[in-house]
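Starting off, we have a lone chain in the form predicted on its own, written out as structure tokens.
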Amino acid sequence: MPASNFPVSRKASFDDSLMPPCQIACPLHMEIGEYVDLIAQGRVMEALQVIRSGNPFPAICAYVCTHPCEDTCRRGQVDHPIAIRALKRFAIEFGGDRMIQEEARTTYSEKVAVVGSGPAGLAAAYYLRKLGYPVTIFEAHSALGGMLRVGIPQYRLPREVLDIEVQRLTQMGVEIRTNTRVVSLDLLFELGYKAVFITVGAHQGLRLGIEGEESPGVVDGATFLREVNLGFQPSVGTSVAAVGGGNVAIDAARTALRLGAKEVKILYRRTRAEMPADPAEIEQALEEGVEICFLVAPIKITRENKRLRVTCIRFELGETDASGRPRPVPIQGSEFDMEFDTLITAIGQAPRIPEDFHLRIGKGSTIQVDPVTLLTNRPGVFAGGDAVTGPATVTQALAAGRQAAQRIDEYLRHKYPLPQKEKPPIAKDLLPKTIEVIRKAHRLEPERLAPQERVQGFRPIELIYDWQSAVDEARRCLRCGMGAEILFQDRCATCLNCLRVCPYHVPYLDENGTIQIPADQCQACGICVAECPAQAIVLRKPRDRRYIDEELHHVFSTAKQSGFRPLIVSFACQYGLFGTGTLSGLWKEAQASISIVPVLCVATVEPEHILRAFEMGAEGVFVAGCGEQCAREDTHFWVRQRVEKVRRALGQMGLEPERIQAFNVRVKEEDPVQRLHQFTEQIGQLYLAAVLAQEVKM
């Protein structure tokens, strides 16, 4: 149906506010499904643009994000979640992200000071500069980054990656003042700053509170990692223990191995199931030789013969505590001693806020702020990040910085922030009958350095996907929220055809006799769209049938200018063309008389599209699917059905049925380019025969 015949005055029945679970879980609410789908299509530069539009420092997140999006990924209900963070890194590396430069113009005169340059401070400076404010970052250390620089080991976040991201702030015009510790907020206001954002992080390690904690050889994890990251080489000896179960404890233990320790243990008073550290980091630590002693914690430290004697006690798990985890209960009489050269305490961190700031401090030494405006008890002073929440993830800090920039802008423009409406998430669980039908495809992990190579230095241990692996992994995405819906219920004839053709058993007839297609269950194969006789169904995203009409008009306008004959039109799977490369030879080998229309899936090609190509002057049409690499079910079955329908129509029109062909690439099948050449030769013969017959008549 031509685009002009589509009704435009009525409101669509579907809700565009639906968001996939991965996007809901992301603190930045990035359009994850969008850029994963673009990677699957091989459109990496476009994927990078989507990533950069939602994250000011995606290269950093590509290394250290804790990927909560993967925890909620509904692919995990089928087999394994999509490797979203690794795909983001692939897009950044292959897309040339390091060449991108940021620009900003100054449109306002009010200066803003950012105290601290952790992820929250960097994000606030980025977004404030984008809004047009003059921004200055004050950092006590010699380089920007906060805990990104001094708290995360280089094998997890290479310094050159951090440096490149920070350079973008300089390109944007952000003023950087390193080696500058702010001791007075009053002085900042006297210097002309109209607003101040405090984001000093949580760099102060918590104490164990046991005897002997001040002994030489005992160091807190934050201090230990800071010294290593600033270029010092602390002597840890041959035997090291880290106390705690979070990422800092894991990082400290793995760093000690890289500094030459031969024996490294982690002492943790709960079990592995309760460890807050990233499970992947735990597994990698074990691979490298770190030993984790569960249900154990130190209760006393003494120093003898230049070594630490650590008296520990064993625990058992009791009732659930305020953290939601089982409470560790010491077992009386279970004390035992262990000896180490160094003991690293990593049981938590807290902010250290200068008293001269005169800010109201709450539980855990954090700054108290208005939860809506982020204002402190002092006018014009905002706070966010770890200084307010306590230790959080990098993406949470980036989200806090973005929110702070918005609130500061509203403050300086004399606007009160309106409450933000949370977009409703898509239902988390897929129906069991849908899960059964979805094709299983196991997760592809990027390669990693061997454990023996890792501990030799601080090289990044995770490598980058190759093209094929990245595309294959991205194609596992279920494209939640991008499925089919009935555009206008009054056009639906309730013929139940969508119920019959859906391979995933998604459409159903409700109690009112109305067809429903739940957006949270649809797998976006497009079969019901093409098979709906009333053309009442469309794909919510990214394209509907009108896209193919537009492409056909473009193809024939171009062909008319070139004058090449005979004209052959191909409807080809865009994943096979640009992503997996299965059909890429069609582009390379296609002649001037062959025009390719990339489609989301060949299952979306309707008989009307094929017939329209013939009506517009095509001598031949072929439909090329990506074969066994297809992530959808029954696509080739429906293509064959429609091709047979078109062949019957061609016969009635007096045209040869062989003018339309369809093929689906198989692993052992001949190259698609060969098929194209054979088809081209066949159409050429038919065209020549038609020309000769016409001349005879004349």
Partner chain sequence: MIVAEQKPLEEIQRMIAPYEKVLILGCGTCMTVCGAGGEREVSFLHSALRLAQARTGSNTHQFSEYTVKRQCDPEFMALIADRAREVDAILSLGCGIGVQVAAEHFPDTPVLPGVNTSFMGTITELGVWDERCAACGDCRLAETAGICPITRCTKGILNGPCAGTKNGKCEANKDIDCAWILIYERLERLGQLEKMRRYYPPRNFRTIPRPRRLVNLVKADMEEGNG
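Numbering follows the first chain given and starts at 1. Quick caveat, the model's predicted, so the values are computed rather than measured. We call the rigid core whatever largest set of C-alpha positions still superposes within 1.5 Å between the two forms.
FYI, the form predicted in complex with the partner chain isn't displayed, but the following is about it.
Peer 1: What stretch, of 118-126, 150-158, 314-322, 614-622, brings heavy atoms to within 4.5 Å of the partner chain in the model of the complex?
Peer 2: Contact criterion met by 614-622 only.
Peer 1: Find the only residue in 473, 606, 220, 251 having a heavy atom within 4.5 Å of the partner chain in the model of the complex.
Peer 2: Contact with the partner chain in the model of the complex is made by 606 alone.
Peer 1: Quick one: of 531, 520, 462, 278, which gets a non-hydrogen atom within 4.5 angstroms of the partner chain in the model of the complex?
Peer 2: Selected residue: 531.
Peer 1: Taking the shortest heavy atom distance, is residue 64 within 4.5 Å of the partner chain in the model of the complex?
Peer 2: Residue 64 lies outside the contact set for the partner chain.
Peer 1: Should residue 45 be classed as touching the partner chain in the model of the complex when contacts are defined as heavy atoms within 4.5 Å?
Peer 2: Judged by the heavy-atom cut-off of 4.5 Å, residue 45 is well away from the partner chain in the model of the complex.
Peer 1: Using a 4.5 angstroms cut-off on non-hydrogen atoms, would residue 227 count as touching the partner chain in the model of the complex?
Peer 2: No, residue 227 sits far enough from the partner chain in the model of the complex that none of its heavy atoms falls within 4.5 Å.
Peer 1: Look up in the model of the complex whether residue 299 has a non-hydrogen atom within 4.5 angstroms of the partner chain, and give yes or no.
Peer 2: Outside the cut-off, so no.
Peer 1: Can you work out whether the partner chain is within 4.5 angstroms of a heavy atom in all three of 490, 495 and 500 in the model of the complex?
Peer 2: The answer is yes: all three residues contact the partner (heavy atom, 4.5 Å cut-off).
Peer 1: Quick one: which residues from 637-651 get a non-hydrogen atom within 4.5 Å of the partner chain in the model of the complex?
Peer 2: 638, 645, 646, 649, 650, in sequence order.
Peer 1: After superposing the rigid core, is the C-alpha displacement of residue 656 2 Å or more between the shown form and the other one?
Peer 2: Residue 656 C-alpha, core-superposed: shift of 2 Å or more.
Peer 1: Examine residue 482 after superposing the rigid core and state whether its CA is displaced by 2 Å or more between the shown form and the other one.
Peer 2: Stays below the 2 Å threshold, so no.
Peer 1: If we fit on the core, is the Cα of residue 260 displaced 2 Å or more between the shown form and the other one?
Peer 2: After core superposition, the C-alpha of residue 260 moves less than 2 Å between the shown form and the other one.
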